[in-house]
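Take a look at this single chain, the form predicted alone, given in structure tokens.
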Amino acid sequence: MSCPSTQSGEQIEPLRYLSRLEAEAIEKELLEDYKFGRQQLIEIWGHASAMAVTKVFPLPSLPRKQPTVLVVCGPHQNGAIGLVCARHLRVFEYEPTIFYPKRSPNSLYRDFTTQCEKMDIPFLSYLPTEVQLINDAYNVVIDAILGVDAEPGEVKEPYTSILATLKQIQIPIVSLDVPSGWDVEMGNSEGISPDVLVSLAAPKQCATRFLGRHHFLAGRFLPYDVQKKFELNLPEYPGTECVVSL
């Protein structure tokens, strides 16, 4: 059972939106003080992201006969979370396809890639520049490209071209933690405009500028003392859910 973020009778404080440094400090504390493994955190977040996708896009609601999902992964941790998300979507009987243009040499990320390959999840060799091909082939796109670590002004190829393509598609986009092309604190009008945002651990400051339909939080696993130390004021999660709608 998760611990409530406020004590009974206390005034409910507003949910806290994190800066880049605060997000990094929480992750550092989880890894070093609470002895979470990086693989463990990526697995938790990837599974929760997949659960959020199933809530907004349940299988019976998909417009296409095949429950296809395109997962676009970047080279760092957000991309690894996307790989785990794709694997769980496959378990949930969706049909994910992964576009992972620059595979990380990190052995942990290679393991996540192998798991997807062993589950017969296809990998695209290139992303079509013909936007209508993407619109026709998939029900939804998962944006796991950049994330907290990325500086919008430093985005290079192939990601600038990928973002340019994703800005034009008409099918829904689900962004993991930080929409690609956005500054983690200021947001960015030049980035993509996702329909769904899944904030990991706690929402980042850029999420205050999110105008999409659904915003989910995946942070139920956070120890209560971490929630209290960083004054996160997280909402209560319903039942046994690992995500909550904000």
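One-based numbering along the sequence shown. Nothing here was measured: the structure is a model prediction, and the numbers come from that model.
In what follows, reference is made to the form predicted together with a further copy of the same chain, a form of this protein that is not presented.
*Asks:* Select from the listed residues Arg220, His214, Arg64, Arg209 the one whose heavy atoms reach within 4.5 Å of a further copy of the same chain in the model of the complex.
*Replies:* Exactly one residue meets the criterion: Arg220.
*Asks:* If the cut-off is 4.5 angstroms on heavy atoms, which of these, Thr97, Asn106, Thr165, Gln115, is the one near a further copy of the same chain in the model of the complex?
*Replies:* The residue in contact is Gln115.
*Asks:* Applying a 4.5 Å heavy atom distance criterion, does Asp136 contact a further copy of the same chain in the model of the complex?
*Replies:* Taking the distances in the model of the complex, the answer for Asp136 is no, it never comes within 4.5 Å of a further copy of the same chain.
*Asks:* Is Asp195 close enough to a further copy of the same chain in the model of the complex to count, meaning some heavy atom within 4.5 Å?
*Replies:* Flag for Asp195 set to no.
*Asks:* My question is simply whether Asp120 lines the interface with a further copy of the same chain in the model of the complex - judged by any non-hydrogen atom within 4.5 Å.
*Replies:* So Asp120 counts as contacting a further copy of the same chain.
*Asks:* Heavy atom to heavy atom, is Glu43 within 4.5 Å of a further copy of the same chain in the model of the complex?
*Replies:* Because a heavy atom of Glu43 falls inside 4.5 Å of a further copy of the same chain in the model of the complex, the answer is yes.
*Asks:* Name the stretch: of 64 to 72, 44 to 52, 179 to 187, 197 to 205, exactly one has residues whose heavy atoms fall within 4.5 Å of a further copy of the same chain in the model of the complex.
*Replies:* Only one stretch qualifies here: 44 to 52.
*Asks:* Does any residue in 82 to 114 get within 4.5 Å of a further copy of the same chain in the model of the complex, counting heavy atoms only, and if so which ones?
*Replies:* Counting only heavy atoms within 4.5 Å of a further copy of the same chain in the model of the complex, the contacting residues of 82 to 114 are Arg87, Val91, Phe92, Asp111, Phe112, Thr114.
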